[in-house]
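Consider the single chain below, provided in structure tokens and representing the form predicted alone.
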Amino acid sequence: MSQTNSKYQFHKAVVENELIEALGPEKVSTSFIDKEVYSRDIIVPWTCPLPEGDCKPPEADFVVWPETTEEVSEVIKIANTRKVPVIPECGGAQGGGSTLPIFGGVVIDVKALNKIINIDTDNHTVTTQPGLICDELESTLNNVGYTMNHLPQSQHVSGIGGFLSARSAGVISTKYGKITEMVQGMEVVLPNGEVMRTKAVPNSVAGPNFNYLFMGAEGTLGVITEATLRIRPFRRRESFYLFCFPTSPLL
């Protein structure tokens, strides 16, 4: 039985076998080094909250790397049935402890879901999986004449799923909007393993926008496996001009 926390007791061998059966052995790990990697933030190292004594960083029981929405769904169904905590992980560039496995369980690393599904040049949208790093998506869009213009400081290490889960804002968000204003539709695996898809349409007053339920929830209400985002034509060249005026005689 797992002794990670008294609130969560489950047969680790049973859960491991079910995960391997669902994903294959190459996508499931219980190795020390893998669990160590996911026991801390990439920016802020784990620090003990207790005033005295040694404190071990939180440790997951399993780390998995699904490659499809169906595989994410299978992992969630197993975790839901066996009452195992689930921690979604994307780029890992956060520094607030939001993806640390405080109660053990299974870390779902979505970086293997890193495909661009479609670039719709007629409707100016891109549909992508969440594990794609922002710089890679932006480079691909630039090559076909488009841009997201979402440029946060961590764009070279952060994935789209992390941006959505944390409601990220870029350095030019005052002009082009935050990530939440670029989203038109999503595919999300719910806590019971069911897959929910919202319609990829612009904002409407006809009913609630369920996209906002998952953006900013940091994976607590579901695992985002696909998103359709608004894109814009990319200006390959910009020119800047300086206009000089004579000093006013009144000054």
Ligand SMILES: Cc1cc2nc3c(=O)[nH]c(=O)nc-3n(C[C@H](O)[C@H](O)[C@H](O)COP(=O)(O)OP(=O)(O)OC[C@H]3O[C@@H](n4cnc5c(N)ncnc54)[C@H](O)[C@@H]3O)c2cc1C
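Each residue number is its position in the shown sequence, starting from 1. As the structure is a computational prediction, the values presented were derived from the model and not from experiment.
Although not depicted, the form predicted together with this ligand is the subject of the following passage.
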Item to check | Ala166: touches this ligand in the model of the complex, heavy atom cutoff 4.5 angstroms | outcome: yes
Checklist entry - Would Pro152 count as touching this ligand in the model of the complex under a 4.5 Å heavy atom rule? => result yes
Checklist entry - Wondering, does Thr128 line up within 4.5 Å of this ligand in the model of the complex on heavy atoms? => result no
Next on the checklist: in the model of the complex, does Thr81 come within 4.5 Å of this ligand, counting heavy atoms only?
Outcome noted: no
Checklist entry - Thinking of Leu19, Ser29 and Gly104 as the candidate spot, does this ligand come within 4.5 Å of a heavy atom on all of them in the model of the complex? => result no
Item to check | Stretch in contact, per heavy atom within 4.5 angstroms of this ligand in the model of the complex, of 216 to 224, 29 to 37, 58 to 66, 194 to 202 | outcome: 216 to 224
